[in-house]
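Next comes just one chain, in structure tokens: the form predicted on its own.
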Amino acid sequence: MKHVAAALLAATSLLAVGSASALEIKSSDVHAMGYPTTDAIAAMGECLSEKTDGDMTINIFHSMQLGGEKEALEQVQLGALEMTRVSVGVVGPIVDDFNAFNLPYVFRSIEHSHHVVDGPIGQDLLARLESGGLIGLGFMDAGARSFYNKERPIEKPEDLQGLKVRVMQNPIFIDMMSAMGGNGIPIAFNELYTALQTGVVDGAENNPPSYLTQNHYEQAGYYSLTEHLIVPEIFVFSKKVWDGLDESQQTAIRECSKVATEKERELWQKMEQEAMAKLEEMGVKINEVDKAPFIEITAPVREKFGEKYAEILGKIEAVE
């Protein structure tokens, strides 16, 4: 089934690029419409349609229609799909320095992360994705990630002892969980609900909107605000498709990408506030956390990777 879908996408991509005057951009996202990332890409599509008199449009394949983030990213690299939105955690294997963003407590706040990704650091990393067959278009917010599980509140690192916690498919997150005393299990996002339901994992970690909209609170009703990760998200375009576009098309995509970034951040802030209120209403047990012990216990993770990413971490720390 996946191979058939990929073949169909490849065929339609070639047809679309064959005409310089018309292009339907297919974009994948694991989230449903109504989520900040999907609605931001929809706004980008409206911008493109307006700029090109309808010659460029975006067709959003939402709700994991084309698989999880890893699968969609691979399709974009192959040119079978024009665009996707993924977590930075997934692109670490392509541009290693992105892994610096994946270290626990590397950003002091959401505002600090904005200053980093909007400045020279973030723009340099986006440009380096080209070597992996991707054109980096921009960053999106994903808030701060916190732990949720079905057993107990996480008030101190020791509370993670013995818990199997789903993490993104990146070795850094497994190391982070080990440092905190938990057992990090790398599972694709689209498989997580079933993993919680069947007991393959006891919990996971994510931002409030994802926790709510994916109904994970139904299986794991304790949400602890550790805010241990602030991992940006990015949206990327296929270099194979990009190289077949003319300069005016590329310029329009770049300009409308800025619209998507601004729209997503605006929608994200609003949705995060609404999600927290809704979770409380649904009976989720939410608890504040003293972050100091978590920052201290994850220091070995930052130290382990500190030498490898010393240059970029120094630059991040210097950003005000």
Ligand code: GTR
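The first residue of the shown sequence is 1; numbering continues from there. Nothing here was measured: the structure is a model prediction, and the numbers come from that model.
Not pictured, yet referred to below: the form predicted in complex with the ligand.
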query: Would residue 189 sit within 4.5 Å of the ligand in the predicted bound form, counting heavy atoms only?
result: yes
ask   = With a 4.5 Å heavy atom cut-off, would you call residue 99 a contact of the ligand in the predicted bound form?
value = no
Contact label in the predicted bound form: residue 113 to the ligand, heavy atom within 4.5 Å: no
_Is residue 84 near the ligand? Define near as a heavy atom within 4.5 Å, in the predicted bound form._
no
Exactly one of 210, 219, 77, 170 comes within 4.5 Å of the ligand in the predicted bound form through a heavy atom, and that residue is 210
Answer key: of 226, 238, 149, 206, within 4.5 Å of the ligand in the predicted bound form (heavy atoms) is 206
The stretch from 175-183, 193-201, 162-170, 125-133 that lies within 4.5 Å of the ligand in the predicted bound form, judged by heavy atoms, is 162-170
Applying a 4.5 angstroms cut-off on non-hydrogen atoms, the residues of 51-75 near the ligand in the predicted bound form are 69
